[in-house]
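There is one chain below, alone, in structure tokens, taken in the form predicted on its own.
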Amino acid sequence: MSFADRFRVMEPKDFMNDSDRKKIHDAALNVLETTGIKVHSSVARESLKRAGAVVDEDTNVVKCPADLVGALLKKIPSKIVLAGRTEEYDLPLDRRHQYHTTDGCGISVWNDETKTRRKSTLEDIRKTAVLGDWMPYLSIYEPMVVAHDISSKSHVLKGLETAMENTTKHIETESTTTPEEARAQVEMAAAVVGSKDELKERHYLSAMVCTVSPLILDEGATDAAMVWAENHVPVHITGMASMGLTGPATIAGSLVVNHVETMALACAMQAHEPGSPLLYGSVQSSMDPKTGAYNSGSPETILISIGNVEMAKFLDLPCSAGGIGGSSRIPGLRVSIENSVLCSPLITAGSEVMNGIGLADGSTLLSYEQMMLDHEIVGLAINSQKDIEVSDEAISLDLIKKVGIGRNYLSEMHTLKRVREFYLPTLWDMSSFESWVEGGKKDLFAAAGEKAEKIISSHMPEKLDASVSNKLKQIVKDF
């Protein structure tokens, strides 16, 4: 089985009909044409204006006629491949695979022994990249934390360099806020794959770009998106409208807000660089009705994420919607329950890329223990969504007749072969209660921490060629 085949799942199920999808789409087109969206990037505004959008230079509000939106959206590739450092880790986005990423932008790290937090460092990016490289059900690594021991000017590039050195999997960058950072990261990715031309063909790097709800494309991130577009670095367009706060307090209404923002940035990219790849994404949520706080573990979060998957289907675009990453303030039982509930419905709906492994408290708190637990949750979810094989060999009619009545299948070669396809947990022990007692009665969270430490100290990711490593260091130094 290839690496990508590990993530092949059953055909997605529809949760909305075409009529309802079209209602949301038409409402979003109405907003784009009449209310418009504020675009703080002069590069994006100029590209949209050349394409035929109406731009108010005094307010930076851009209005796009429906026919222009439709024409620009048709330029987006409907299927792409997110490449690994080597072809072994390539990830086709073809509606039949489901991939998980680590979460990003954490600012602190949990110490379970003392139940305290500390500031995150570059070493945490190295360790989580090594751990992510080992994880059989993690498909994509994104630098998980802000390195407080690195200057704010260079921490994004140093984090990316550290990731490139310590995993062979596809890398997604999340914290880019300027076009200069984007250009430097393009140079780094090009150094790994061979050239900028090769990078346009092999999408080794992708980038998350968040819109600002409601109805704003900010300057720095949108300028960076134009750089990503020029170099055909796939962009995960990620709206984060919160129901009742930065979006209407209904799922359909907040879906409209996200659809407007997503189409606006998609159109800006296509007006700037036709054919540039992107993914329709979101990590929308509901607010806590008592406090207004971010509430990523709610039932509404599941439903609105499914709704965004449905809108990606409507536009026939690759999908990067939803994910895990509960809003519990500390790692452990609550966030694990939230993540378990969040995961499977989105795979069923057809989200192709979901983020969230390893962080709690609204994607701000890294926990090595939670990272291991989340990986197990993902492994269980993906393997529970596989196609049910109904071939002659799988039906095993001759074998059933051979074994007959009252015997068992344990000694059969068919069993020996097929049992190797069964899912095996990567974390918890399946042995007896007595074995658990003899092993010191360790709880699952403690066992997760111990296993993470063992993997980090023993797993050796494939290293970059020395000349490439030196080039990355020079790019960061020059920046």
Partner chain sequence: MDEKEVQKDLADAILSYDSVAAEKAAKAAIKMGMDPLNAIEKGLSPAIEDVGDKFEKMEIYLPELMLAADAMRTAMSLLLPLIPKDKAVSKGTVVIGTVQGDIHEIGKNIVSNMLMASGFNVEDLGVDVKTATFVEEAQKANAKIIGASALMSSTIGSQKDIIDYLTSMKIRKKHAVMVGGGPTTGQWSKEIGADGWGEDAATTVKLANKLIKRK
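Since the structure is predicted, the reported quantities are computational estimates derived from the model, not experimental observations. Residue numbers count along the first chain shown, from 1.
We do not show the form predicted in complex with its partner chain, though everything after this point is about it.
Relative to its partner chain in the predicted complex, residues 105, 117 and 216 are all within 4.5 Å by at least one heavy atom. Of the candidate stretches 228-236, 331-339, 197-205, 245-253, only 245-253 contains residues with a heavy atom within 4.5 Å of its partner chain in the predicted complex.
Contact between residue 40 and its partner chain in the predicted complex is found at the 4.5 Å heavy atom cutoff. Using a 4.5 angstroms threshold between heavy atoms, residue 77 stays clear of its partner chain in the predicted complex. Mapping the unseen interface onto this chain, residue 401 falls outside it, with no heavy atom inside 4.5 Å of its partner chain in the predicted complex.
Contact check for residue 177: a non-hydrogen atom falls within 4.5 Å of its partner chain in the predicted complex. 287 is the sole member of 130, 287, 190, 150 with a non-hydrogen atom within 4.5 Å of its partner chain in the predicted complex. Among 186, 146, 72, 157, the residue placing a heavy atom within 4.5 Å of its partner chain in the predicted complex is 146.
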